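Take a look at this single chain in structure tokens; it is the form predicted on its own.
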Amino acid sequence: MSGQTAPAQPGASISVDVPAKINPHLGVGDPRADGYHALSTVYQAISLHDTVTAERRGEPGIAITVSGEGAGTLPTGEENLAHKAAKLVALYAGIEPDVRLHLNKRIPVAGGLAGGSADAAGTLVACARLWQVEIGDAELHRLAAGLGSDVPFCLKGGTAIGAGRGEELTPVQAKGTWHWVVATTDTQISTPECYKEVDRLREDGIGRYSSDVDPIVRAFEGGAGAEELARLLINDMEAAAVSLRPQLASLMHGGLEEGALAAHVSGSGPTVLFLATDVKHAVALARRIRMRGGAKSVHLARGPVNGPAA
């Protein structure tokens, strides 16, 4: 783990930016004995990010406040993944937690971009630095994996292959930068809901397990152009997301009509990613998608970017 630690007195604070993740390849296998689905995925961190600020309270306890995306609706108690992350660092260090966490959120909530996992990853890093906890990368990864499947990747960022339930990471040395238009919607899809729909559709013969990540990994390692990457994007959850929220189909078709190279549901959705040729194309595409309507908000993002512990 890198970065400076802060003085330990009350009022000291650490702020950490942590990026959203996308899955340019998301292969979903059958449910495992532990209830998780086997995954064969490629993660990439993008420049849309949350900021986690951890401040010493001067009294025991963990308090959370939220601004931006999800303010007023996200839970701020023990059910919040950032709360669990702070408690986990304190347990690891054998100390009483005394922290006020502020989550300044730009990553859409329940949008398939791992916003909650990103906040947990940022909290692990911020609290460890705030409390001057000496913790190696392997132990930090172990704590992250205990919090959720996407949290280990959110710690590292960049590009990586994910196996198991997503927590088994193999870094990918991507050569290049790719530009995305990120379109959010007024609806949400919980990850368990989408997995359940994947299973239901497969019982009806719809969908398959796209386990082979090699083509898109080679493309990233070779610095492929956006046109080549567009042909390699795969999401085994996309049909389920569209089945649950049919309005996504209209948003996706609209972006393609406006010139996107590809339309790709992000993770379990319902956020939709549109691949652009370059930053100039992305800016123009975002403007056209906004004017067309159908999206709650439209953001520009690039990837890959580093995570807070990279």
Ligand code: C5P
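Numbering starts at 1 and runs along the sequence shown. Computed from a prediction, not measured in an experiment: that's the story for all the values here.
Only in words, not in the display: the form predicted together with the named molecule, which the text now covers.
Interface residue among Pro246, Gly68, Gly35, Gly58, judged by heavy atoms within 4.5 Å of the named molecule in the predicted bound form: Gly35. Of the candidates Asn235, Asn80, Ser149, Thr159, Ser149 is the one whose heavy atoms come within 4.5 Å of the named molecule in the predicted bound form; the others do not. Figure note: of the listed segments 271-279, 58-66, 37-45, 253-261, the one touching the named molecule in the predicted bound form, with heavy atoms no more than 4.5 Å away, is 37-45. Using a 4.5 Å cutoff between non-hydrogen atoms, Arg100 does not count as a contact of the named molecule in the predicted bound form. Contact check for Thr191: a heavy atom falls within 4.5 Å of the named molecule in the predicted bound form.
Proximity of Tyr195 to the named molecule in the predicted bound form: non-hydrogen atoms within 4.5 Å are present. At a distance threshold of 4.5 angstroms between non-hydrogen atoms, Arg106 is out of contact with the named molecule in the predicted bound form. Residues from 150-165 that approach the named molecule in the predicted bound form with a non-hydrogen atom within 4.5 Å are limited to Arg165.
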